[in-house]
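Next up: a single chain in structure tokens, the form predicted on its own.
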């Protein structure tokens, strides 16, 4: 398929590379110019989308999605009937629905296709996609989804994939915070770190989140797999969506305070696992 891939960050670059490996004709664009081996490079989203069947977006936030789709030289300027736009960015569901409406006004279609996984899953083509949109449109994207991921879960209509993504990231944030606080308390109580890790992995509190982050924590390696600034952004989206829905999220509001402090400490570009450093500082009375 002819694919325009917009956004070559930690996840997007590997996703685009896997589309190339699967034999697709890929044209890439990134705000700061980057290349993907085997793909053509465009100077604007409009140019990237000019001859595409599918436009795939993977950028950081709502403003970035809006810019690449509807801004000056945006992909929507090249949108033609029959084209599909798929967005793997994490934004508010209601905003995604508006983008879908704009795409359909031009005779195209739109799918929200956020992912769960990591930098390693993006590289290995083992992401999990949560899709929202029309069944027939998602089926057309199946070869591309399979090139980038191991599982595709059909959530519902437009915006529903993003609703599921926000719920998933809420759980990830809370699970990791529980781990960070448990580790900090255990250390204060003189518990050996390795013994605690063995206990966690042998008991019912074991989780995929902790399994993945534990080796990085052990090495004190907070290089970004999922940058703290993006999880912080997602937490704000969760709370905004909750407010609009009349839902209270007291645990998440508390976790947001930790992320606020981590941001103030200049940790935005570290992995979100670096919130452990903030918890440890609070334990020292900082």
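Nothing here was measured: the structure is a model prediction, and the numbers come from that model. Residue numbers count along the first chain shown, from 1.
Unshown form predicted together with another copy of the chain; subsequent notes refer to it.
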Margin query: If we define contact as a non-hydrogen atom of the residue within 4.5 angstroms of the partner, is residue 50 a contact of another copy of the chain in the predicted bound form?
Written below: no
Next item on the list: Could you confirm whether residue 82 comes within 4.5 Å of another copy of the chain in the predicted bound form, counting heavy atoms only?
Entry: no
Note to self: Just checking whether residue 198 would be counted as a contact of another copy of the chain in the predicted bound form - the rule being heavy atoms within 4.5 angstroms.
What the structure shows: yes
Notebook entry, point to check: Wondering, does residue 206 line up within 4.5 Å of another copy of the chain in the predicted bound form on heavy atoms?
Noted result: yes
Notebook entry, point to check: Just one of 36, 54, 258, 42 has a heavy atom within 4.5 Å of another copy of the chain in the predicted bound form. Which one?
Noted result: 258
Checklist line | Location of another copy of the chain contact in the predicted bound form, chosen stretch of 167-175, 99-107, 132-140, 71-79 [non-hydrogen atom, 4.5 Å] | finding: 167-175
Note to self: Within 4.5 Å of another copy of the chain in the predicted bound form, counting any non-hydrogen atom, which residues from 183-205 show up?
What the structure shows: 184, 185, 186, 188, 189, 190, 191, 192, 195, 196, 198, 199, 200, 202, 203, 204, 205
